[in-house]
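As structure tokens, one chain now follows by itself in the form predicted on its own.
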């Protein structure tokens, strides 16, 4: 039976520190009480619970959370759902991706066989639910990958490991090239009460393989929800992974996501994360290059309005010589919304002859919009080429006037400039239907 987070003592009886400790303890208990027997993984979850016990619930006094306030969560009695509610297949029509070769769907973090479509998979590609795979021929291989990525010791990753009820698995065998995208959908539905969901995904591209992955966090309801997701990506030697991560959840959602990437020698990994939804969203990206001549690319976009907050924290650990990394993160901020960017690039002494660049560009559409940006380079190696920067600007009045002088209305001119700003990121998504959907969404929401 779920342990309701609301069972903690009333806030007036506790100090703020005690409130956070009690809240975290109750949340952890809720997650532990709702783990399905089919995905028990007792030892792994016990280790994660021990890590969670070592942490405190973050506040704005913590450096990594200085601009992202989670205190509003403390008043919401999140509960885990023992089973996913019934969902009509028609709800997926809005996010249909005709180019996809396969679709796996998790509803409130739990696998849905009815909504998934895995019939067209070629030989050498496995897409499915962890519960069905962990007792089969792939059990040992999954054990060697699941929750073994670097960066698993932060609080929210540990909470996910404690409580994920199901996990999507995408596994591409050696030298297999998948040209069509694989669509992983995390569908959020209103369960009637504030819920905590813990979706998990494990992606493995073995040596010489290639794939395109689209992760889609989608929800239309505005019920309070805490979505705490973790995705582990393993790009083995000479593998190529293109990863699109789209977050478009309802405005009642607290979304905290972790993407942990481990790259082997000569591998190439590109991620295009797009953040549009949620009341508060935080995406933690960690890339670890574990071999030389590794290529990493991050092209992100956040387009938010009203009082939304979108936070991106990234770490690129170069680790080996002849590595390359490029990061371009753009933010479009309207109304009283707030974006945060903190990008770190770590170049130790062994990472000689590396080449990395990092740029954060921000477009403010309102006088109340806010941006906090902090690009960082931590360089120990002495034979490298590294650069970073950040810009914050508004729409250029001269550019708007120029377009008006060519017979374009002021409103259309503004939309056109926003379109051009966002297109630099969206154009990199190798799925044409998704490009069209995102451009329409971005321009409509920022009028």
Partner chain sequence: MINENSKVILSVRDLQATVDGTTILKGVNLEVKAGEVHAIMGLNGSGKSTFSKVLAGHPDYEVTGGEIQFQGADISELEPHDRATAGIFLAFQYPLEIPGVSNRDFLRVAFNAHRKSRGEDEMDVFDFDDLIEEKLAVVKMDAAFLDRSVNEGFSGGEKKRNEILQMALLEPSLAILDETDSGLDIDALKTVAGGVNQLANADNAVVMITHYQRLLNYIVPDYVHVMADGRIITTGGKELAERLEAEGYEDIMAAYTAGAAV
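Quantities reported herein were computed from a predicted structural model and do not represent experimental measurements. Residue numbers count along the first chain shown, from 1.
Below, we refer to the form predicted in complex with the partner chain, which is not included among the displayed structures.
Novice: Hey, in the model of the complex, does residue 420 get a heavy atom within 4.5 angstroms of the partner chain?
Specialist: It does: once the partner chain is placed as it appears in the model of the complex, residue 420 has a heavy atom within 4.5 Å of it.
Novice: Taking any heavy atom pair closer than or equal to 4.5 Å as contact, tell me whether residue 60 reaches the partner chain in the model of the complex.
Specialist: No, no contact at 4.5 Å.
Novice: Heavy atoms within 4.5 Å of the partner chain in the model of the complex: does residue 409 have any?
Specialist: Yes - in the model of the complex, heavy atoms of residue 409 and the partner chain come within 4.5 Å of each other.
Novice: Since only the chain is shown here, I'm wondering whether residue 383 would be in contact with the partner chain in the model of the complex (any heavy atom pair within 4.5 Å).
Specialist: Answer no; every heavy atom of residue 383 is more than 4.5 Å from the partner chain in the model of the complex.
Novice: Of the residues 391, 56, 404, 394, which one places a heavy atom within 4.5 Å of the partner chain in the model of the complex?
Specialist: Checked against the cut-off, the match is 404.
Novice: So the partner chain isn't shown here. In the model of the complex, which residue out of 64, 378, 69, 399 has a non-hydrogen atom within 4.5 Å of it?
Specialist: The residue from 64, 378, 69, 399 that makes the contact is 399.
Novice: Heavy atoms, 4.5 Å, the partner chain in the model of the complex: which of 22-30, 411-419, 37-45, 383-391 makes the cut? Say which one.
Specialist: That would be 411-419.
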